[in-house]
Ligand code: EPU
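Below you'll find only one chain, the form predicted on its own, shown as structure tokens.
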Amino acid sequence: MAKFALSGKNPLQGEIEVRGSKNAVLKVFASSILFNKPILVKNAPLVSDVFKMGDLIKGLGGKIERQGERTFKIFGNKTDSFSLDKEISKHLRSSIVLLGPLLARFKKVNFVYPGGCVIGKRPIDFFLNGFSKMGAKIKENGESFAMSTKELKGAEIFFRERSVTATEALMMAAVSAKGKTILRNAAQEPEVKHLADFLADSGARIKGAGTSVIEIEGFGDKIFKGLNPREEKREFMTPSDRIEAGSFAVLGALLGKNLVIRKIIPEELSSVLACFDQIGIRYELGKNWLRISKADKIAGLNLKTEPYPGFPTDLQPIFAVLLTQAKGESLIFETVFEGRLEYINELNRMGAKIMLCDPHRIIINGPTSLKGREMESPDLRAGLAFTLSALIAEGKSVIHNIEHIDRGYEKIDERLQKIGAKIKRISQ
């Protein structure tokens, strides 16, 4: 266990680079099981979730070689087991995307309810219903499940609510199904398209990724021997993490002094920058960089989280910290996840004025001066929100449970130190 000790009010200047997308690389790791040769993943973020996914693949009989600091060679083709490690799965929400590749390769999979953090245990009915429509039979025993099928068959599946991981898992299973699978109301997040493009470059027949309707023409058992791409197409270059980029942009608006954020993908930040434009935060945008300084005045904002290309739920807690410094009243409407507003109690103890209207809406009145204190990180994104709040607060703060933050932000303490933040990791 470790904690962060922080002191606030220090300006941040210089340059900081965005690491590779955690959500993209986790799914590509999982897709390695569909291949008959190893794949190479470059620019992977060195975060605990990525290493846990690697451990899951190794537990299935696969092999992983480190080739350079951020390059991994994944031998998913070596997997010989269809039972996911229970303990790792309970701490990794993305373990559920392995269901699709495992069901495609072995026609069976054993797994437990996936976890991750306090918002990690989310419904998995989208997955179960989708696999059932494709011909899988499901047996449940408490939190353990067993799925099996004689043959995966193409199906038309409509998601009542958009789900990124369900879209990805079913898309990967459909690659080896007999006939066509159509996913309607599919997630449109960039990570879905990155995965689909990688699979398509390797021989999968996928159309429409990045839109709400994805069509997959499956190979069927008779000809499916594993994806066998041309040599140059077996390499995945992980794109930059749009959530980390947005988090750093907010940090710059709060404490920046000509802070430059490198390796961003501007079009994936459109919803964030539109909010900046509305509330008076100025910035300079380049081809793959953003320059930003602390805003003199920030106006209130009505913010609603939505699936991509709407405002991302993962940035909602980070924006809540920003809006504690805005003049007047702001409203945040969380439409994607239940229980994602519980962090506000800690911000109120720091001096924020946030009122919980119902499980989905909060009203923030500002600006307010925050004061440092001890707090515990309940999940990945709230943990980073607490980090931001501590960096703008008067005095010292301590954040416990930082293993949640380490799940998605690589060595965040060392990287923030380099641009002037007073933050120290203390091992316990």
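Numbering starts at 1 and follows the sequence shown. Since this is a predicted model, take the numbers as computed values, not measurements.
Beyond the structure shown, there is the form predicted together with the ligand, which is absent from this document and is the topic of what follows.
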message: Just to confirm, with a 4.5 Å cut-off on non-hydrogen atoms, which of Pro309, Pro266, Gly328, Pro123 contacts the ligand in the predicted complex?
response: Pro123
- prompt: Which pick from Asp85, Asp201, Asp314, Glu217 sits with a heavy atom within 4.5 Å of the ligand in the predicted complex?
  reply: Asp314
Segment that reaches the ligand in the predicted complex - one of 287-295, 131-139, 161-169, 145-153, heavy atoms within 4.5 Å: 161-169
The ligand contact in the predicted complex: Arg105, any heavy atom under 4.5 Å: no
query: Do Ser94 and the ligand come within 4.5 Å of each other in the predicted complex, heavy atoms counted?
result: yes
task: Check whether Ile279 has any heavy atom within 4.5 Å of a heavy atom of the ligand in the predicted complex, and answer yes or no.
output: no
query: Taking heavy atoms and a 4.5 Å cut-off, does Leu388 contact the ligand in the predicted complex?
result: no
- request: Give, in sequence order, every residue of 323-356 that has a heavy atom within 4.5 Å of the ligand in the predicted complex, or say none if there are no such residues.
  value: Val336, Phe337, Arg340
